[in-house]
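Take a look at this one chain, the form predicted alone, written out in structure tokens.
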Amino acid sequence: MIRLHNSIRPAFRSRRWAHNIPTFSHLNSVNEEDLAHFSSILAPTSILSTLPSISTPADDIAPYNVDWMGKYHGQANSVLRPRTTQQVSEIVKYCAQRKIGIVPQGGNTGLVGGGISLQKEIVLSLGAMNNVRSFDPVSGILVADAGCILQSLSEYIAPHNHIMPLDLGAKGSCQIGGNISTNAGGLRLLRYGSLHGTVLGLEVVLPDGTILDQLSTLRKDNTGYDLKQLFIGGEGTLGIVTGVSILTPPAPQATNNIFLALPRFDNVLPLFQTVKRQLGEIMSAFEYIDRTAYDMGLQHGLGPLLSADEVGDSQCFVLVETSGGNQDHDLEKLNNLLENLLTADEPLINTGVLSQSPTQFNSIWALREGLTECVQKEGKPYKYDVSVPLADFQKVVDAVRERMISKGLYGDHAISKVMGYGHVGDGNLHLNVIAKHGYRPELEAALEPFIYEIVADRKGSVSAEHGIGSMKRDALHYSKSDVSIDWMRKIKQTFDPLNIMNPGKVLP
């Protein structure tokens, strides 16, 4: 195994590392008078607070203060649940006057603490803003509230033979506004591109309460600066996304998938090239799973898709999906691909399976999409969503495992598993480091900044699709230059001079 940490460039080795806890001395806590004012804007059922005048049970506030992994714990004493953009505007305007920090929150499915309060900010939950405003089945343009759940939107447009351009494992609970605010990628990015391309317009409440209405349904609008791009991936630090106009593609008439077992990781890159060449325009996903993740999935009831004899000593696995317009055409391409792979003089795969029915198609995807839940059952995961060159996927995973072994932290007493899976088509590795008995400071100290240094050494990104949040703001300099960070601060200062909008997130 290679020791990547020993090859870190001096420029990175010299950088200081610390998780600085931000102080919000410029902000005020929510008090009874504030709640009285919010009560003039919202219905009583739309306000939760542990303050005496409302006395919401702590258990009812907890889901807004703790992320789904149980890693980040917020301090908010009050949660507001507006139903309209105008209500959001009035709330933000008042918070700006009172200097009350605001944490916009969607489905709370993030991985980096971006939707959790750090100190005394108020949580503004957008879940009650869940109406579809319009859908044009001719153009495929959907306009919806930010609180709409991704799966609900998929089900809304399915009868019109369209699909959402992004698909995530958390689709049953994540919200489109949160997807946009974190620039979520997911399983369909290879085919349909990022939200920077599919989002046509946004409605945003700015930090002073002004409503920025750029909810365009135009495919082409080349008039001035494209301001919406600042809010895609802005994580609510520049404004609160309340409405979205998004281009949805036609539903494919034929979908298929294959699951392949590879003898070694080195075969993944030439396999990707081969699959792209032979499948061409119908390839819609190319997912990678290492052996540790595959075995974990089997232990928790996923699969098996292949017999143990067929899998043998395979080191990794690949899931390929196709989406096209003609089932016979697509199946012919897939069968030819499998035949060529299995009969090659030096086969890139050990074996593979092609789905023969919708049930088998879903079973193959269930293995890939179920890994996140399996990880949670194994312990508390340190999850690192990074971009690195495909050739380095397994090297990064191996180096992290070796790091924990060298520190005496690998085993059931500390880190029980280190594994990787992700989206090969866009270089996105989901590195999962499982702490069997829970999060501990010494484990995090061994992992960070080591992992960020590895990523930087390979000219990668410390965040591929889940944002920066509070977790990675001190690691931002591993992927962005001082000049870039300085200009980000200037943009933040321009939009939010009072620093009330999701303070302590993104920027160090």
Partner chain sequence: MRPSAVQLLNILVPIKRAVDYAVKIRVNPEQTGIDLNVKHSMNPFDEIAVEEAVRIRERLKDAVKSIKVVTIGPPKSAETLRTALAMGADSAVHVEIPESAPAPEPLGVAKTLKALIERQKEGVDVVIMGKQAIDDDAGQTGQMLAGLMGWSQATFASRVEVDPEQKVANITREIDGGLEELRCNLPVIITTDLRLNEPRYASLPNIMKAKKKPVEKLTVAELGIDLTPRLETIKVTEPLKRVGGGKVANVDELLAKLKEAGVTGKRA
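Remember, it's a predicted structure, so these values are computed and weren't measured experimentally. Numbering follows the first chain given and starts at 1.
There is another form of the same protein, the form predicted together with its partner chain; it is not shown, and what comes next is about it.
Engineer: Just one of 207-215, 226-234, 314-322, 349-357 has heavy atoms within 4.5 Å of its partner chain in the predicted complex; which?
Structural biologist: One stretch meets the cut-off, namely 349-357.
Engineer: For the three residues T84, V143 and S173, which mark the spot I'm curious about, does each lie within 4.5 Å of its partner chain in the predicted complex through at least one heavy atom?
Structural biologist: None of them does, since no heavy atom lies within 4.5 Å of the partner.
Engineer: Would you please decide whether N326 lies within 4.5 angstroms of its partner chain in the predicted complex, comparing each non-hydrogen atom pair?
Structural biologist: No, N326 is distant from the partner.
Engineer: Does its partner chain come within 4.5 Å of any heavy atom of P304 in the predicted complex?
Structural biologist: Yes, contact at 4.5 Å.
Engineer: With the cut-off set at 4.5 Å between non-hydrogen atoms, does N335 touch its partner chain in the predicted complex?
Structural biologist: N335 belongs to the contact set for its partner chain.
Engineer: With the partner left out here, check for me: in the predicted complex, does some heavy atom of T255 sit within 4.5 Å of its partner chain?
Structural biologist: It does: once its partner chain is placed as it appears in the predicted complex, T255 has a heavy atom within 4.5 Å of it.
Engineer: Select from the listed residues L262, I364, V397, L80 the one whose heavy atoms reach within 4.5 Å of its partner chain in the predicted complex.
Structural biologist: Among L262, I364, V397, L80, a heavy atom within 4.5 Å of its partner chain in the predicted complex occurs only for I364.
Engineer: Of E339, D412, E281, E373, which residue is found within 4.5 angstroms of its partner chain in the predicted complex when only non-hydrogen atoms are counted?
Structural biologist: By the 4.5 Å heavy-atom cutoff, the listed residue in contact is E339.
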